[in-house]
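What follows is a single chain, given as structure tokens, in the form predicted alone.
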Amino acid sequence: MNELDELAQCLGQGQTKRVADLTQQLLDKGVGPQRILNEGLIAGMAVVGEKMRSGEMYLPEVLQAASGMQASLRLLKPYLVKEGAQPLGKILLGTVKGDMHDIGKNLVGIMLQGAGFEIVDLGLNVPPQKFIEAITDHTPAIVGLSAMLTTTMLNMKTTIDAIGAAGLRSQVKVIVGGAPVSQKFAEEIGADGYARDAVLAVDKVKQLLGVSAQG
């Protein structure tokens, strides 16, 4: 097994320290940061996503893998910036106004980051105006709205309508998700896509942006 394969494997096993050590070893040997990202981190997180989809991995294990990925990215980032490496796209995430739940949103962000996207996370209880300001400031390709309550999911429509009223709707695709949300509801409120879990969110984002399954 070469070190890139080992990096991907250790990432899937949640070996955070080993992932960081291998990343540094590869950098010291002159392996390109983009190659480490693609063949190590993204490959490893793809396996994590498949195991999550099949029920072989659960949230604590996925979060542990994410911790390793983030440790590696901290080492890679200066090299990627120097190389001028570009992410697959920029995604803006937030839990809508009135909702204080973020585990689902955070997991979506982790899986998207692991697939090679840049994430801007606005956090919890985000009012429509904050989404509008962030779209203007960050120019994301996609906005992801999360809600975990039937009472707050209605604020997804409020947010989408506000983005439209601000003249920004044509600039971004909007995807929605969360326990009470459905494909039917997504269509009713004018969202571009719906995903019932974090793995499917990655698939939907790639579909909307025309990115191949291989990234």
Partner chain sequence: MKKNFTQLSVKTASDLAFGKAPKPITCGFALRLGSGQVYPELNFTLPMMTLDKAHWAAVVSHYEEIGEMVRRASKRLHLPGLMIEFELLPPMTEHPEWGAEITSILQRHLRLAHEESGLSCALRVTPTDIRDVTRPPELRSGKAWDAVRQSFDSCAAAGADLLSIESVGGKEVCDEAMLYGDMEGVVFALGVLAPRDVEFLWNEIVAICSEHKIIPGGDSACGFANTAMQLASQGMLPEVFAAIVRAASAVRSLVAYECGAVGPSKDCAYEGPILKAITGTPISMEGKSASCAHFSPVGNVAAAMCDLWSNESVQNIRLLSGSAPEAFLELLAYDCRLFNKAIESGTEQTYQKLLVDSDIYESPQALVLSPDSTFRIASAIVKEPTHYRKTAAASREAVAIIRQAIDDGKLQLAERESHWLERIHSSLEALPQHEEDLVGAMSDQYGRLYTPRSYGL
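Just so we're on the same page, rigid core means the largest C-alpha set that superposes within 1.5 Å between forms. Positions refer to the first chain, counted from 1. If you're wondering where the values come from, they're calculated on a predicted model, not measured in any experiment.
Absent from the display: the form predicted in complex with its partner chain. The rest refers to it.
Although the partner is absent here, residue 98 sits close enough that one of its heavy atoms falls within 4.5 Å of its partner chain in the predicted complex.
Its partner chain in the predicted complex is approached by residue 107, whose closest heavy atom lies within 4.5 angstroms of it. In the predicted complex, its partner chain sits within 4.5 Å of a heavy atom of residue 52. Proximity of residue 61 to its partner chain in the predicted complex falls within the 4.5 Å heavy atom cutoff. Contact with its partner chain in the predicted complex, defined as a heavy atom within 4.5 Å, is made by none of 117, 139 and 170. With the partner omitted from this view, the residue of 27, 47, 162, 154 that lies near its partner chain in the predicted complex is 154 [heavy atom within 4.5 Å].
Though its partner chain is absent from this view, in the predicted complex it lies within 4.5 Å of a heavy atom of just one residue from 85, 103, 132, 75, which is 103. Partner proximity in the predicted complex, defined as non-hydrogen atoms within 4.5 angstroms of its partner chain, places exactly one of 139-147, 124-132, 75-83, 88-96 at the interface: 124-132. The partner is not shown here, and in the predicted complex the stretch 23-40 never reaches within 4.5 angstroms of its partner chain through any heavy atom. With the core held fixed, the Cα of residue 176 is displaced between the shown form and the other one by less than 2 Å. Relative to the superposed core, residue 48 shifts its CA atom by 2 Å or more between the shown form and the other one. Inter-residue distance, residue 114 to residue 63 (Cα): reduced by at least 3 Å in the predicted complex versus the depicted form.
Annotation: residue 103/residue 65 CA-CA distance longer in the predicted complex than in the displayed model, change of at least 3 Å.
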